[in-house]
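Here are two versions of the same chain, shown separately as structure tokens and labelled structure 1 and structure 2.
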Structure 1
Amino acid sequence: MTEFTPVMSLLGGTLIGLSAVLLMAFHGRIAGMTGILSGLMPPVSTDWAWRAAFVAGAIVAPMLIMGISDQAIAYSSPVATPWIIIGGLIVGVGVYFSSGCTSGHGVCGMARVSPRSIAATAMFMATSMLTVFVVRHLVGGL
């Protein structure tokens, strides 16, 4: 069971929103992690410096919050590692065909009231709900 952590959740959501606003304000770019990470893969984009800084901040910020709050983030998964890898690959294919991920479409695109992003986010949510239903009720929980 997941613990109820409203303060940590609010702080995390605030940081995600703030980072998206600051990236748009200072660089005119959407804070979509897929696009940011793809610019760090060969061939590396000419604007790699802000991309590397953004990814570093996404890694360091939670570490700082854990250090300040003295709260550890517990993680466990009942799903076997091969299934996690397969799921990650499926998500990667979806990200490729939808031209972005939930951070770009869901956080930034919906905030801009982009019809394309609203449709993509609705599709992400519908697909995830269908996947959970199929895995839990038809396949048997893998």
Structure 2
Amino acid sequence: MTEFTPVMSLLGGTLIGLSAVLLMAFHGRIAGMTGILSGLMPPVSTDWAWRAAFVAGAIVAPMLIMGISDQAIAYSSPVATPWIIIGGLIVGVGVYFSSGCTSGHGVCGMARVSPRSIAATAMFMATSMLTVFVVRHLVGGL
């Protein structure tokens, strides 16, 4: 069980949306993690610096929150390690071909009312729910 956290989730979502607006206003870029990461993998994109800075900022953020406040960040990974590896490989292949993930298609693309992003988001939301249903209620957990 995880607790319903309406206030923190609304606050967090607002910050995610704000980061998308800021990256567009300053850099003219979509704040999608897949796209940003892809430019950092060989052959590294010539505009790697802003990408690396964005990723570094995202990694430092939870450390900073825990450092300057007494806000604990709940984290629990209930899946066995081999399945994390398999899940990671599958996610990597999927987001490469779909050219985006939850941040790129689900937030930025949907906000632009892009037909591609709406189709992508509907698809990955559906298959993730279906996968969890099969894993938890038919297979009995991983």
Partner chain sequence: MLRTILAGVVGLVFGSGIALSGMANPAKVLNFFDVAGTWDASLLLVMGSALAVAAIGYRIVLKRAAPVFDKRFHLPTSRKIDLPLLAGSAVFGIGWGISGFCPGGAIPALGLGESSAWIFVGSMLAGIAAARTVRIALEARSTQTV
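Start at 1 and count along the sequence of structure 1; that gives the residue numbers used here. What we label the rigid core is the largest C-alpha set whose atoms superpose within 1.5 Å from one form to the other. Note that the coordinates shown come from a computational prediction; the quantities given were computed from them, not determined experimentally.
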Q) Here are two forms of the same chain; which is the form predicted on its own? A) 1
Q) Honestly, after the rigid core fit, is M123 moving at least 2 Å at Cα between structure 1 and structure 2? A) no
Q) Would you say M24 moves between structure 1 and structure 2, meaning its CA shifts by 2 Å or more once the core is fitted? A) no
Q) Once the two forms are fit on the core, has L10 moved its CA by at least 2 Å between structure 1 and structure 2? A) yes
